[in-house]
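Read the single chain below, which is given as structure tokens and is the form predicted on its own.
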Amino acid sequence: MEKTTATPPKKLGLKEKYALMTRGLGWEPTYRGADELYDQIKFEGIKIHDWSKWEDPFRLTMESYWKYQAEKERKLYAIIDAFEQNNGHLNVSDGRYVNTLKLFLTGITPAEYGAHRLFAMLGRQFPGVGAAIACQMQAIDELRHVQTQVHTISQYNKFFSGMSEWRHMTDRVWYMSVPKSFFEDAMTAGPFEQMIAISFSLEYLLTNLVFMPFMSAAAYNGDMATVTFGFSSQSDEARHMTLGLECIKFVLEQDPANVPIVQRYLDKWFWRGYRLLSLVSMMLDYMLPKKVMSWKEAWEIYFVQNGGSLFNDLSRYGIRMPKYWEQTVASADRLSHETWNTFYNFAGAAAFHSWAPSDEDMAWLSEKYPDTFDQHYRPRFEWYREQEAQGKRFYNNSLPMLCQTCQIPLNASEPDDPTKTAYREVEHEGNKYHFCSDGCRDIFCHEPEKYVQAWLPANQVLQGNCFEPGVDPEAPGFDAAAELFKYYRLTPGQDNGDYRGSKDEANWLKWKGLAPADAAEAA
């Protein structure tokens, strides 16, 4: 009897595998209608006629995705382990540098987790299988970023203050309402606005400016662990940006009626992203002992040049540059100074240390900002230093007026006048609301019912809502500041205040065998 040999199954090519792991995962609903299943997809008035036109710029299957990510994880954790074994925290340029990580952990890491939740929601709302799978993969990416950042920075938490209660502080400390409100705004929007909010505003604006110049600065300041997680994330971020831009183009190509809706979203989220980036501006200009690039230079490269190219590409669909982009260029040589001055003032209620810039710092700032620094900002920093020398370090113990939209204190100057504070107001249903800019005012006016609900920290403190349960503000001897710090889980004199004289500085000097005078000279 003749023996027959079974024909081995044909090996699938990458294209076939990709089709099976994306479009092949879709199904037609039967016992529920599409309108019921995807109940938010028509909420915004966006018209999608053919989801099959969605093109993924990366033909990435789950099989290859796990392979690539596993390889990155292996290398990342090997470096983190080596960093810890060799006491890498002692190799950074100066103890002041670690304050950038405190801000990163409380401000950016929770934002990554917000992006994880948002993309998990988006994957459920998009009927197109290609778009849904892309959102699913990005949700996994964002969760991985949170984990790698927490694991990397945990080494510093063993030796420096201000990081142990970061998750709690994210929900309660006043300045954390800025990134938190950004994500709450996005997550309460429709699915297409969510996509633009994160894939354009967060990925294109924020992560470029965090994961490129800041990670380069981390390397320059001896923090190789942070550099490694930054570069491990950046390959994901490049994919996220490309997918987001592909989504924008897909929506614009589906129907001409989508153009004005998308333009409004781009205007809004450009401005919201720019205001959030004020935290990054001071990281680059003031918080790095060894500086690599000024905020103004970074904004020129990553928005004016790169962003200009992007909007030139989108112009064929009828999309213009975002509203008020000229104001961001005009104020690029002021943003970081105004932001750092705010945190110097309110360092008593922050979870990281601030300080007056040294002579070397101010020489660098004068070189990078010749038109503004010496005239408008050097005098106030010199006055702060004079007060410090007299033992009277200045702390602002008042509560600032906050912008109703971005929730940043009204610290920005007018676009055409650096000597005048920008202030806008709107009356809505008998109440007056305050804003830091034309952009934030416009965002409020389009959806006032949304932004009147904003949880503004300064207002909540005054209303007595920022104390632990059971605290009686009318009790004899009530100490509002002490109770507020308990609510924040912030240890006064250790987690907050000036770096000079702090526990972090004392430990750093002891570890490096320096006296305070030696450290001042080295700085």
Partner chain sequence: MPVIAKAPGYKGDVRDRVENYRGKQLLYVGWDDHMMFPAPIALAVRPEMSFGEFVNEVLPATAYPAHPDWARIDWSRVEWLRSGERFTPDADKSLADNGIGHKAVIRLRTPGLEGLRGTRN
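Positions refer to the first chain, counted from 1. In this text the structure is predicted, and so the values were computed from the model without any measurement.
Only in words, not in the display: the form predicted together with its partner chain, which the text now covers.
Among 91 to 99, 273 to 281, 363 to 371, 424 to 432, which stretch sits within 4.5 Å of its partner chain in the predicted bound form, heavy atoms only?
Within 4.5 Å of the partner lies stretch 424 to 432.
Within 4.5 Å of its partner chain in the predicted bound form - does that hold for a heavy atom of every one of 446, 452 and 474?
Spot residues vs its partner chain: full contact, yes.
Does its partner chain get within 4.5 angstroms of any non-hydrogen atom of residue 398 in the predicted bound form?
Within the cut-off, so yes.
With heavy atoms only and a cut-off of 4.5 Å, decide whether residue 493 touches its partner chain in the predicted bound form.
Residue-level check for residue 493: no, no contact with its partner chain.
I'd like to know whether residue 259 contacts its partner chain in the predicted bound form, with contact meaning heavy atoms within 4.5 angstroms.
Looking in the predicted bound form, residue contacts with its partner chain do not include residue 259, since no heavy atom lies within 4.5 Å.
Can any non-hydrogen atom of residue 478 be found within 4.5 angstroms of its partner chain in the predicted bound form?
Flag for residue 478 set to no.
Tell me, which of 138, 404, 354, 106 has a heavy atom within 4.5 angstroms of its partner chain in the predicted bound form?
Selected residue: 404.
If the cut-off is 4.5 angstroms on heavy atoms, which of these, 289, 244, 409, 130, is the one near its partner chain in the predicted bound form?
By the 4.5 Å criterion, the partner-contacting residue is 409.
Using a 4.5 Å cut-off on heavy atoms, which residues of 285 to 323 contact its partner chain in the predicted bound form?
Not one residue comes within 4.5 Å of the partner.
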